[in-house]
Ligand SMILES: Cc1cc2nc3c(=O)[nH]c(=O)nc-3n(C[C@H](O)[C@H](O)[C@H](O)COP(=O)(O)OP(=O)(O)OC[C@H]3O[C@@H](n4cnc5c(N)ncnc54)[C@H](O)[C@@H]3O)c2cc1C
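Only one chain is shown below, in structure tokens, and it's the form predicted on its own.
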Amino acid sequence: MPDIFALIEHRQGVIRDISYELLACARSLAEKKGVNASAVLLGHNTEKMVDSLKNQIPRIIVVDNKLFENFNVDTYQPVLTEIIKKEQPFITLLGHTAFGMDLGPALGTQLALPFTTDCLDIKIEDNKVRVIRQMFDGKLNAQVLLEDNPSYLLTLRSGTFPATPAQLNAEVQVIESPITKEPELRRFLEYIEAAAGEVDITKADIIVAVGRGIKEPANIPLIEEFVRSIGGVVACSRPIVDAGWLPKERQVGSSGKTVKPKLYIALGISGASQHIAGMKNSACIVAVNKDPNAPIFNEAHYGIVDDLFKVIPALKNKIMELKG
């Protein structure tokens, strides 16, 4: 059976975190299916990027040309089309990012391949690949069974697979670009960094997320005081953003951000699937909710069934004690 491919995403010469998650996924699937895993990198002056990938995957296909210094679907698509036609991989993985959602449909249309987006999980059972994806803005999870033929294109949501390290020594295959000039229709002009919010919750080691259980916005300062005392940041579920109590940049979930902190404390969050999708890979999850049947407890490593306003002082004292 053909390889599992992972398409590498980079920005300004730096490989993006989602690419390492794709590599971990590709390795896992390849091992279980008894096939090989390969990374595909299009870029310019790629030596440093290749060095950072060498121990992550058995094989790297590299196309190095000034045309690929910055992403442009009109340059990437024809090159990747040729590579995929030649190699016939079983699955080609892309990140569920602006990159993947621009490139994936273009490849799917050109190659006439099935294209499945927003994958939350990929499992192999009885040697069959089963993909869990979200539909209707996260209101429905669908299971898709992949037959051994044809090839498939999948976008993987950030946080689905932890970027586990590997100790490999990749074979690097450098190929010439089949195109030599930039297309006339669309050209890359410049990269403009999006305005950063007050806090980037995706980089935090400790996150305290609040839901409907905080009752009213007047209680947010109490939560913020608790969070400062333990060195974390405040996040929230979608209802808090919809109510205007916290900005969109603080939202965790399928329509917000995906986070993977060392400690995630969920206060008054019931645990809808959309929220779970954004935090399920946190290293340690502590949930506080008055409802013993709240779905969040199915994901939590530790659960406390009580009023969060009673729990916060005790939790603060215990965490401070552990931190010394």
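Treat the numbers as computed from the prediction; the structure is a model and nothing was measured. Basically, rigid core = biggest C-alpha set you can superpose within 1.5 Å across the two forms. The numbering used is simple: start at 1 and walk along the sequence shown.
What comes next is about the form predicted together with the ligand, which does not appear here.
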Triple contact flag Pro239, Ser270 and Asp291 to the ligand in the predicted bound form, non-hydrogen atom at 4.5 angstroms: yes
Contact test in the predicted bound form: Ser151 vs the ligand, heavy atoms, 4.5 Å: no
Heavy atom of Thr46 within 4.5 Å of the ligand in the predicted bound form: no
Partner proximity in the predicted bound form: Met101 to the ligand, non-hydrogen atom cutoff 4.5 Å: yes
4.5 angstroms heavy atom contact with the ligand in the predicted bound form for Arg130: no
Position in contact with the ligand when the complex is considered in the predicted bound form, options Gly232, Pro89, Gly159, Gly211, heavy atoms within 4.5 Å: Gly211
The ligand in the predicted bound form: contacting segment from 106-114, 141-149, 246-254, 169-177, heavy atom within 4.5 Å: 246-254
Members of 4-20 lying within 4.5 angstroms of the ligand, judged by heavy atom, in the predicted bound form: none
C-alpha of Ile312 off by 2 Å or more between this form and the one not shown on rigid core: yes
Core fit, then Lys257 C-alpha moves 2 Å or more between this form and the one not shown: yes
Threshold 2 Å Cα movement between this form and the one not shown at Asp291, rigid core reference: yes
Change in CA distance between Met279 and Cys119 in the predicted bound form, which is 3 Å or more, as closer or farther: farther
Note on Met279-Leu29 C-alpha separation in the predicted bound form, which departs from the shown form by 3 angstroms or more: farther
